[in-house]
Structure formats: structure tokens, C-alpha cells
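Heads up, what comes next is one protein chain in two forms, each shown on its own as C-alpha cells, labelled structure 1 and structure 2.
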Structure 1
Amino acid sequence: MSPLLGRIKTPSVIPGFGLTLGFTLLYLSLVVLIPLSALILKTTELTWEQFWATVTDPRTLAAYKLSFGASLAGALINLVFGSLAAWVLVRYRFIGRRVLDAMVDLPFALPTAVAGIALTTLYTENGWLGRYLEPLGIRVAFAPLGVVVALTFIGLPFVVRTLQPVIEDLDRELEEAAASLGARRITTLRRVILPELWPAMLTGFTLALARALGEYGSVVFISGNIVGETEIPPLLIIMKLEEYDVGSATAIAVVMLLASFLLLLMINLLQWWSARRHVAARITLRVSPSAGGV
């Protein structure tokens, strides 16, 4: 082993470090890092005025606003109903539970384009759901609400899947303890269970939000792409590219990328926080029998 390698790596008898790490770094650079840095470098070719003009263009701003608002709404819907679904899937036994549980991953597995045309067909005025909503004055397809629906769909698994293992791991003795201390079920839920689930719920919410912000395939069909009204930033990027306006496309993309990285950072912080909480909780549990003992 070379002395340099010895300094960056703890010695081990397992072979293959140089080969596998070397290949990993090479592949990572070729596929991810170099192409991504092409984007960063392209941005530096833009003048500040150009960049600013593009990202503050009313059409771009409207797209950012719609994207962010609809993503937030979708993530919130998932936070509420996804948490409820996770609870139901873990805690209750009913016919079809296993199939339903497996189906939760559908938005991951179903190509977004398929989801897009399926949702559009459902919500157009003679679609299965649209025909009941349109008479009520609720317009989903080709309207901002459609974007929310699409983003709810693609973000659905995140809250459910981050929450499920945490609910499974919940110590039932906590609930029994709360009950034995005279807490009513709703109090137990609010004071004992929710605080335990909160970090995972928040992580799931942020993951759904991050995924929704970049989404393209499922949205472009149902949104109808009405200028300045139901356009999303990824669509603008594609339109700029079709006009060979690579600079504007890059500018819009960089803002999106920054937002994604910010969210990624938040997710990591959240996971760090919940891991720390988890550890702290474990220690408390281990200590409490002796500390509480008389």
C-alpha cells in the first residue's frame, strides 16, 4: 500500500479498495460530476443582467410560483393523508392490506408519462372523476389544481414509506404506560405518539416536496401548459432549449438546482436530527429503570 493511501484509509485486510474506489470515483466523475459542472460553467458564461432578466421574467416567476405552491400543497396533502395511511397500514388488519401496502410504491414504479396521461384522462370533464367535479365548478385538468393532483400522486410514497418503519418500531409499552397513567387515547396520540413520529413525518414531507419541485412527466399533461398560468419551470427549460436559447434554459435550471440542494441539505439535517433524537430516546429508556427505581 502506498503511504498516501495509508494516510486516507484505515488499514484493512479486505482486498480491492484501490480498484473499487478508483472505479467508483471515475464513474461518478464521468456520469455525474463532469456533466453537472458543465451546467455550473455554462452559468458563468451568462452575464448577471441576462441571468436576472431570465429568472425574473413574469412567465418564469409564475412558473416558479406555481411549482413551489403546488409542490407545497401536494406535500401537505401527503403529510396528512399519507400519515393516516401509514398508521392504518401498520396498525390495522383488514382484507387487501398487503396489496394496498405494495401499491403505495406505484408512483415510484409507474413511468411519469403514464401517470400524467392517466390522471389527465381521469379529471377531464368526461373522465371518471372529472364528470363529478366539473359540475361542482371544480376544474382539475388543465388548471393549477391538476398540477397539485399530479404532484400529490408522485409524492405519495414518501411520507408513507418514511413513517411506516417508525410506527412499526414504536414501543407499545409507551402507549400502555400512557393509558395506565390515565391518558385518554386522543391524549396519548397527541402527547406520546405524535412527538415520536414528527421527525419522520417532516422528513417524508420534505422528500415529497423535493421530488415534486423537479417533476415534469406527470405534470405536463394535466396542466395543459397555459402560458403564464399552468407552466412549470422544467417545461420552460424544454421550451427554451427548443428555441436554442441554452443560456435562459441554464439560468432557470440553476435556480431549480439551488432549491433542490437547499432541500437536500434540509433533509440531511432532519435525518441527523431525528437520528439524534432516536439515540437520545434510547438512552433515556435504558437509564430510566434505574433512575426511576426507588
Structure 2
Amino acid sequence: MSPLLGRIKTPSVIPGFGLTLGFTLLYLSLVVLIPLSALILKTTELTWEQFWATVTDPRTLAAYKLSFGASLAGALINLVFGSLAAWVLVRYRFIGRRVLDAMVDLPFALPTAVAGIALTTLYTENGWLGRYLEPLGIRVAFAPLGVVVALTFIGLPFVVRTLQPVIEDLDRELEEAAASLGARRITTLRRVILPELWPAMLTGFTLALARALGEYGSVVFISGNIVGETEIPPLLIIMKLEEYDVGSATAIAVVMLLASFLLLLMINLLQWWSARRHVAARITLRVSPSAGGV
């Protein structure tokens, strides 16, 4: 019997490729493709003039600007401080570490409405923190800054949980070798640690961004829903549906869908390019006879 025939006849716990691929496509179609296709088809009931008037309305544009701007800001904040939190939780042992590690998952467990009420209570004019921030001219609740705070809160676990396994697998001998060769800490961080963590950091950033773009519950409480200032697209969609204006609601949703898709596509392409560069650099470092220093 040929080796190829033996591999084909080898029993497997999971069914064959054709069957599993069929179930995968069916599942993705029912859960993702068909609902999104129905959303786009519903928008075709509008004329181009109606569609354009809806998505370019000043109130809608202000909501888009706030949602994408606050989502990017929250994801970037989590990229920096979430990476630092993941490093501390993995590399250091201290009293209360397990408690802090468990607290990272709180945004996962809390209903978004509860998170919104808690943040609003904390940052209102008479709140525990708001009473000290308001005299300084820093307004969080019922302001765009509050939206950023809420999106940062709900996106933190995505960065931390994505980075923790990578940091745990990071070879400490590379850091020790860099130090023994005279590299400063900033050099070790830039040339040894960050190249290993960068793909995971981009993944965590992408997940936090995607989660922030779809957030609704926590934002509507702390934002105050001020017309043209702190409204977000999901709120406008809900308002259009309550007015039985399904066409306008789907128009706003389609623009949000397309913009989110393009943004996530660019980030994933950047992640793919970064991973390829990282692999190529490691291969070059291994085969180059002159590559011996840091």
C-alpha cells in the first residue's frame, strides 16, 4: 500500500474535509452572510437620493465621526496600557495579582447597561471622580470624553487576554543575551521584545476596535445622547426603527458596516505584512553569518 493511500484511509476523529467545510459554510451563511445580505438588500428599496440624504445628514455624520474617533482612541489607549497590564500580570508575582487578573474579565461579564450606569455614576458632576474633575474643566459624563472612557473600559480584556499567552511563551534567554551583549533596556524592548509581541498587539487592537464600533449599552448612558454632539450610529438606528423608518435605519447600518469592514481589512493587512516582515527578519538573522549582535 502506498503511503498516500495509507494517509487517506487513516481514520480521524473529525469528519472529512468536504463534510466539515460544508457545515462551516452553512453555519457562516446562516449566522453572518444571510443577515448581512438581507441588510444590504433592504437598503436597495431606497432611491439613491434618499440614501445619500440619510447618510450625509449632519446629525448622522456627527454620529459617525464620534463613533469611529472614540473607538480608535479607546483601542489605542488599550493597546498601550493593556500591553503594560498584560506584561505586569505575567512577569511579576505580587499580592493580589490573581484578583487583578480576574478583574480584567469584568467588562466581559458585566451587562453593558450596568457598565454604563456605573461609569455615569462615577463621572457625573456629583460622582466620586466627577466632583474633582469638573472644577478642573474636565467633563467626562455627557461629553465625547465619556464615550472614549466607556469604549476603553469594554475593550481592555481583548488586548490583555490576547497578549498574555504570547508574553508567557516569550523566551527570557533572548532578553538575557541582549543584556549580556551590552544592550540597553530600551534597545532590548525595541529590537527583541516588541517584534515578538507586535502581531499579538495588532490582533488585540483589532478586537478592541471591532468591539468598540458595535458598542451601544454603556455608551448611551454616559454620553447623554446630545443631538449632534454625543449621539452614536446605533442610537440613530434605534430611533429610526422606533419611527418605523426601516429604510433610513438600514442605510445608516450599511455605511457603518462598510466603513468597519474597510477599517478592519486595513488593520488585518497591516498585521499580515508585519508578521511576514517579522518571519523574514528572523530567518535572515538565523542564516546570516554576521548576525551575532543586538
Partner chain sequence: MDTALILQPTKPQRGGIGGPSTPATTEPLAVRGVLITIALVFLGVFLGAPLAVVFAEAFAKGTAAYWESLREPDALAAIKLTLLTAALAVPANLVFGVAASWAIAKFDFVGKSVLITLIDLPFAVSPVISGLIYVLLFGLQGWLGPWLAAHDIKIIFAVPGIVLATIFVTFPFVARELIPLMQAQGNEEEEAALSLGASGWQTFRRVTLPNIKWGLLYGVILCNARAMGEFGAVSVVSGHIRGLTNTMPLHVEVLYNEYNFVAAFAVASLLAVLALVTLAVKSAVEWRYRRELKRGGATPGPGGPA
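Rigid core here is just the name for the largest C-alpha set that superposes within 1.5 Å across the two forms. Residue indices: 1-based, along structure 1. Computed from a prediction, not measured in an experiment: that's the story for all the values here.
Participant: Which of the two shown corresponds to the form predicted together with the partner chain?
Facilitator: The form predicted together with the partner chain is shown as structure 1.
Participant: Tell me whether L19 goes with F153 when the chain is split into two rigid parts between structures 1 and 2.
Facilitator: No, L19 and F153 sit in separate rigid parts between structures 1 and 2.
Participant: Based on C-alpha superposition, what is the hinge rotation angle of the smaller rigid part between structures 1 and 2, rounded to whole degrees?
Facilitator: Treating the chain as two rigid parts, the smaller one turns 14 degrees between structures 1 and 2.
Participant: Quick one: how many Å does the C-alpha of Q271 shift between structures 1 and 2 once the rigid core is superposed?
Facilitator: Rounded to one decimal, the shift is 6.2 Å.
Participant: When the rigid core is overlaid, by how much has the CA of I34 moved between structures 1 and 2, in Å to one decimal?
Facilitator: C-alpha displacement of I34 between structures 1 and 2: 4.0 Å.
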